[in-house]
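One chain comes next, on its own, written out as structure tokens in the form predicted alone.
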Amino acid sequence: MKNTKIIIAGIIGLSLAFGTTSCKKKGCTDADATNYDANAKKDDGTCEFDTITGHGDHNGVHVMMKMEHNYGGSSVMPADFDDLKYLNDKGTTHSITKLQYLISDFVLYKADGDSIVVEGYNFVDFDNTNSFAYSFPTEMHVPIGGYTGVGFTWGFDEADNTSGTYADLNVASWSWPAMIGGGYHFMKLEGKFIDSNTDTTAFAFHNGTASNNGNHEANHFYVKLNQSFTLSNDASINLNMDLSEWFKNPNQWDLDALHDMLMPNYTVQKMMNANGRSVFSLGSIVQ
């Protein structure tokens, strides 16, 4: 597992690093950072902090990300599994029998233009409801004040999606086959549906690296949820996943045609990527 740490990056500084020239030496200008550059005259947003207590602030709050799940607005819990009770956008009745997914590298966007990045990942497994919550490290103090939203990566980005790296994911049989790109799954969504012959048929909606004739393409995406809020106490930030969105937006899903052998199908993996971008929303923030 990656070491969890906090990185505070100025959005303005990042934009300058990518596109603006300057006669001043750029680097980390924060003396509290592990990569502080005494010769830097202009901060480029790359400061890193091992103490994970924020920007020299020991008077912050503790934060937990809590996952909530619904289907078109109706709550989904493990007790709902196996029932043929969901109607997708195409009009197909189906159940859910398994739901596992991975999100990583959480971001809190500050109102002053900075961002707080906590590297790590949360493997959500409906067989373990404790996995619905991801707590920032207990020793980490997130600065109080105004925020404009939260973000995270769906799955792993290319740098982190390396086969065999994470012991807990290896035990969970979470690996993505090497022949179609390796690394790890992003999601396993499984269930049964009533097919066009009125038979009950299984489906396996698995998402990960997209592979096309031996060419492997990273298939993660970044989720940014904009909503202004203020942190003044320890907080639980609720992230909502609407499972119905996987089947309808922008690609209406035909389970009769697309229910198995989806992992090696490049086009299908890109369709999942597109549909996943509307799945998440920011819920309540409890303090």
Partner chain sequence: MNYNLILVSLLLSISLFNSSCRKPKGCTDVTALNYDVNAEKDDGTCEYEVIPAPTPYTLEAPYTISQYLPAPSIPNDNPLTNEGIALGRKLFYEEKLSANNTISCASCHKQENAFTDDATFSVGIDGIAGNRNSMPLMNMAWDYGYQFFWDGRSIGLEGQAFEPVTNPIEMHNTWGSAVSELQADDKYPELFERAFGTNVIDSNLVVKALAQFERTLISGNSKFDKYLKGHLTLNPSELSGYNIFMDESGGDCFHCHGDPYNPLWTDNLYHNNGLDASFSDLGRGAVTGNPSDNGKFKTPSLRNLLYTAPYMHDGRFQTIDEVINHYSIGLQYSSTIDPLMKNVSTGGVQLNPQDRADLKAFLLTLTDEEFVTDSRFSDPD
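Numbering follows the first chain given and starts at 1. Fair warning: this is a prediction, and the values are worked out from it, not measured in the lab.
Although it is not shown, the form predicted together with the partner chain is what the next lines describe.
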Partner-proximal stretch of 212-220, 116-124, 172-180, 145-153 relative to the partner chain in the predicted bound form, 4.5 angstroms, heavy atom: 172-180
Contacting member of Ala159, Met77, Ala111, Ala167, with respect to the partner chain in the predicted bound form [4.5 Å, heavy atom]: Ala167
Single option in Ser135, Asn128, Thr200, Ser196 placed near the partner chain in the predicted bound form, where near means a heavy atom within 4.5 Å: Thr200
Residue contact check: Met261 to the partner chain in the predicted bound form, 4.5 Å heavy atom: yes
Proximity of Leu87 to the partner chain in the predicted bound form, heavy atoms at 4.5 Å: no
Contact label in the predicted bound form: Val107 to the partner chain, heavy atom within 4.5 Å: no
Interface membership of Thr97, the partner chain in the predicted bound form, 4.5 Å heavy atom rule: yes
Contacts with the partner chain in the predicted bound form - residues in 187-215 whose heavy atoms fall within 4.5 Å: Lys188, Glu190, Gly191, Lys192, Thr200, Ala202, Phe203, Ala204, His206
